[in-house]
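Given as structure tokens, the chain that follows is alone and in the form predicted on its own.
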Amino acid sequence: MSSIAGTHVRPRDAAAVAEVLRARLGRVRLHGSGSRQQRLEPVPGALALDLTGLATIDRLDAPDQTCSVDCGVTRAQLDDALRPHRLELPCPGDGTLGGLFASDPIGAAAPGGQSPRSLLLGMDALLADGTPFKSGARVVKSVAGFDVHKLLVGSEGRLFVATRLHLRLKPLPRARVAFANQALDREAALRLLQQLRELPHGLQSLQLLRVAGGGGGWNVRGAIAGRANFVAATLRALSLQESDAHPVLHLEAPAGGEVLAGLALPSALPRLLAGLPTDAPFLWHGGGRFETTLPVANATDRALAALASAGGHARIVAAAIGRRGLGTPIDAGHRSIADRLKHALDPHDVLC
């Protein structure tokens, strides 16, 4: 194991991670590549347990379309390994795979699409006291006990430490074309969004985007996949404009501003947008996750109130200390279940 330097340690394997946890060095914050750390509430004095040293692709079974990877393997590493086999991990996101699955910041890319939850077959993991356990399986067809591994998705590393993930893969589509219809008014953008969501198949990703300095105009972006003639016909039928632009995964906070992230159904979008400043940057992914940036705290508070009345949920993920983590009210039943899970899996509140 790498030596502990101040409040940071980088173990080289799962056994070394267990050793750190058994040493009971206080509260522990799990780290990957760091791409999402700034979106978590800071915990002063917590030990940063850096998992990027666990970076082995242990198994790649191309015929079975599954793989087993350490939590510190990056999305780029896995993509490079899968490309020669014409396979992909069919969900958006970047950073380490442990961080991507633990945060699930984007969800499904399109209606009915794959998400980290649906792609996680099993895992090897450690409880907060260093006790090892396994959940799920390495293969698709299995009835191997309770789906405890599904609790990883969205846990942000606060329930247990997943050291190895067993993942489902998919074949690369025969053809895939990205599109971006830009400078639309809001009604036209929402109308196109609805038309795309009604496609029976082929929609691989979908975004509604308003960028800073865009004059209030809306972009509808995404990708269509399938047979080449089907892709071409769909682009023509909906007047979609081909584009080589990379998808926007997250928004950055303006100087002195805040980022609000949450979940909103398509039916709630008009009410949500009505509660935002008319020029506020906004990003909505096809599975329902959204982000918006607000210039000042008062604007964020008004947006949270509008979202709560529209039946959506959100929290502040980028802001000054003391504001980060604030959000819409959490259902009492939801809170009770979350607290009981935390107590059962991490009774001493080590992972934070």
Ligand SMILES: Cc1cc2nc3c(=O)[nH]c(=O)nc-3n(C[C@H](O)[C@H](O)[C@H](O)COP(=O)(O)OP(=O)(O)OC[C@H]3O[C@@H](n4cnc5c(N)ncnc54)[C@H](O)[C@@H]3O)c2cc1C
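In this text, all values refer to a predicted model and were calculated from it rather than measured experimentally. Numbers for residues come from their place in the sequence shown, where the first is 1.
Separately, the form predicted together with the ligand exists; it is not shown, and the next lines address it.
- You can rule out all but one of 282-290, 25-33, 300-308, 56-64: in the predicted bound form, only 25-33 has residues with a heavy atom within 4.5 Å of the ligand.
- Though the ligand is absent from this view, in the predicted bound form it lies within 4.5 Å of a heavy atom of just one residue from L326, A319, L40, A46, which is L40.
- Taking L206, I224, A162, L260 one by one, only a single residue has any non-hydrogen atom within 4.5 Å of the ligand in the predicted bound form, and it is A162.
- Among heavy atoms of P105, some come within 4.5 Å of the ligand in the predicted bound form.
- Contact check for L51: a non-hydrogen atom falls within 4.5 Å of the ligand in the predicted bound form.
- Interface membership of A189, defined by any non-hydrogen atom within 4.5 Å of the ligand in the predicted bound form, is ruled out.
- Contact check for P90: every heavy atom lies farther than 4.5 Å from the ligand in the predicted bound form.
- For the partner-free chain shown, nothing in 254-275 comes within 4.5 angstroms of the ligand in the predicted bound form, judged by any non-hydrogen atom.
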